[in-house]
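Okay, so here's just one chain, in structure tokens, the form predicted alone.
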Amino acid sequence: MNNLDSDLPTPVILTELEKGVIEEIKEHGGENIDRCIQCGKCAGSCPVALAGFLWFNKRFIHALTLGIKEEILDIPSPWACVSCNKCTEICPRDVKPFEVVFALRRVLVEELAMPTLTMEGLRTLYEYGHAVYQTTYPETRKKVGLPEKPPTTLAYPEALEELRALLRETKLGEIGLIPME
């Protein structure tokens, strides 16, 4: 062995279980996860990383490609993603980090590893068409001269019913995580 060989990092050999994590992410929408070279461009544009969360797109992708899953089940920052999609636009390898984070969210839903506020957000999304909604909003809107209902699913019952039908067709409906009547 020459000196050049001794300077090379030791290759990581994944077990079948660890490879399963990558396949699970791919099956849930993160098809390009194994294209990541950890360049960090996604992290440089990520509002979650810039806000100081310790876990953000690049770290999740790194952990998942190493087969680490159990350790990240209780980390709330996948739910902090604001869906800006900047990470996908800047990625030079077409990893689509946004889709990997959302694939991770789908896995977390199946594992029932979601923060309480996420459950509340899903419930109000189904009920009102908004993940964040308070029953005092109509009165507040009326006080400032706005219609009681914003021009969203709240004002269009057929749109709200369409949203509910879509949600019933998702994994959320299958799992029965929130009441969907």
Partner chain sequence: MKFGLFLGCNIPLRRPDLEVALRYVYPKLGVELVDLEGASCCPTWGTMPSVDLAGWCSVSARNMCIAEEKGVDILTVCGSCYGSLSETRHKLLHDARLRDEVNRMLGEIGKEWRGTSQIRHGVWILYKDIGLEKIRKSLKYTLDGLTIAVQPGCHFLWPSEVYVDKERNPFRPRVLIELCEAMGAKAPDYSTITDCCGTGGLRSTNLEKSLKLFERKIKSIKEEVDPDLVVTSCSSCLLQYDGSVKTLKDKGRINFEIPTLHIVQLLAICLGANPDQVAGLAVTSPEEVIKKIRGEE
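Since the model is a prediction, treat every value here as computed from it, not as a measurement. Residue numbers count along the first chain shown, from 1.
Absent from the display: the form predicted in complex with its partner chain. The rest refers to it.
Participant: Could you confirm whether Glu89 comes within 4.5 Å of its partner chain in the model of the complex, counting heavy atoms only?
Facilitator: Flag for Glu89 set to yes.
Participant: I'd like to check something about Leu112: if you look in the model of the complex, is any of its heavy atoms closer than or equal to 4.5 Å to a heavy atom of its partner chain?
Facilitator: Contact check for Leu112: no, nothing within 4.5 Å of its partner chain in the model of the complex.
Participant: Please tell me whether any heavy atom belonging to Val144 falls inside 4.5 Å of a heavy atom of its partner chain, as the geometry stands in the model of the complex.
Facilitator: Taking the distances in the model of the complex, the answer for Val144 is yes, it comes within 4.5 Å of its partner chain.
Participant: Even though the partner isn't displayed, in the model of the complex is Thr153 close enough to its partner chain, meaning a heavy atom within 4.5 Å?
Facilitator: Taking the distances in the model of the complex, the answer for Thr153 is yes, it comes within 4.5 Å of its partner chain.
Participant: Which residues from 121-148 come close to its partner chain in the model of the complex, meaning a heavy atom within 4.5 Å?
Facilitator: Heavy-atom contacts to its partner chain in the model of the complex: Gly121, Leu122, Leu125, Gly129, His130, Ala131, Val132, Tyr133, Gln134, Tyr137, Thr140, Arg141, Lys143, Val144, Gly145, Leu146.
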